[in-house]
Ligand code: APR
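What follows is a single chain, given as structure tokens, in the form predicted on its own.
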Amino acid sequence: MPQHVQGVIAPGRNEPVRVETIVIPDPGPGEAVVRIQACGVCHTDLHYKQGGINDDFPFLLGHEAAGTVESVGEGVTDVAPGDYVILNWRAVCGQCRACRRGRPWYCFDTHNAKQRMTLLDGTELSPALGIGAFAEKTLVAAGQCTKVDPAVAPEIAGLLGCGVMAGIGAAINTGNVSRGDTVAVIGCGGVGDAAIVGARLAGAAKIIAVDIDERKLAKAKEMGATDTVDSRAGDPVEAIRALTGGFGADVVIEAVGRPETYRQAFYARDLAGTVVLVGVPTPEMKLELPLLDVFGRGGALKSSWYGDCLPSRDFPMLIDLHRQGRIDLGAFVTETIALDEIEKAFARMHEGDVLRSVVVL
């Protein structure tokens, strides 16, 4: 029988979010119902609320979550009721051209649930990133459930579902940071700090954190940055070069998603260096660069989709590293909140007061 649960929706562009009763259908073939235990408040949720993704309102927000599988539909064999899982928005299909070439982290046909969750009046909801986890329960494709060690608390484990994985993966998977590399990270929010953690894990010799907020720079040092640059105080490109023997960084990770910071990243890298864009731009943004500079500087300009992760491989690995004390995922959790406090969490995010607010249910 369909279940009625409480969830948080964005009813329209820039309208305040609100708690509503959500109707969760029984799982169909290939689907699972997950009881949500915790879900991080990610900047992507704010993009949805602002209409920066699309206009398919109302949205059921939330996607950075961990919980327990409650029930599964026909044909589901990889997860079972009782499994502790992190939800992911890259449920690889196994059949697209990327999967067939052995590159499932680029899967072009990721799975979502076929059925739609609704409001009581039958209005269909658009789940954020195919998940919709600001709710007591949600319906997802079974492939969006990645089993992990239940010893790690859900408010910590769930962060791998988006922001922390995006940042760590931007360094390790997309940027291919290697031992001895110099790395600069522009933008030291949750994703940027995760990129710092990833660069440190990969063995980078120098990790330069760049931001306009002294609080964020101080936190970046705690997360493993060796140097900081306050870009309000001067040209960050010149500062990065000065810290790298005049050459620029081997890898520059742009975790803001704006044309001006991307240009800084482009010119702050060494010749034949790599720029990784993991910050999410908005549809109207444009970038202009001299084509001769693109040619003459060589190297690689990459975009990092979800940290180019493969959830079945990367989530358990990072959980294990956390349990071994090699990374501290708990350092990303600034506060835990209730469902009805998400609007306040968006405001705190805008003010730069938090790395992650996490809804605990």
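Given the structure is predicted, the values throughout are model-derived calculations rather than measurements. Quick note: we count residues from 1 along the sequence shown, nothing fancier.
The same protein has a further form, the form predicted in complex with the ligand, not shown here; the description that follows concerns it.
Listed residues G189, G248, G73, G130 were compared with the ligand in the predicted complex; G189 is the one with a heavy atom within 4.5 Å. A heavy atom within 4.5 Å of the ligand in the predicted complex is found for one listed residue only; from V197, A255, I207, A113, this is A255. Comparing 286-294, 256-264, 80-88, 139-147 against the ligand in the predicted complex, the single stretch with non-hydrogen atoms within 4.5 angstroms of it is 256-264.
Taking the partner from elsewhere, no residue among K221, H322 and V333 has a non-hydrogen atom within 4.5 angstroms of the ligand in the predicted complex.
When the ligand is considered in the predicted complex, D109 lies well away from it, no heavy atom lying within 4.5 Å.
Within this chain, V278 lines the site of the ligand in the predicted complex, having a heavy atom no more than 4.5 Å away.
In the predicted complex, none of the heavy atoms of N173 sits within 4.5 Å of a heavy atom of the ligand. Proximity of I212 to the ligand in the predicted complex falls within the 4.5 Å heavy atom cutoff. Within 4.5 angstroms of the ligand in the predicted complex, the stretch 302-319 places no non-hydrogen atom at all.
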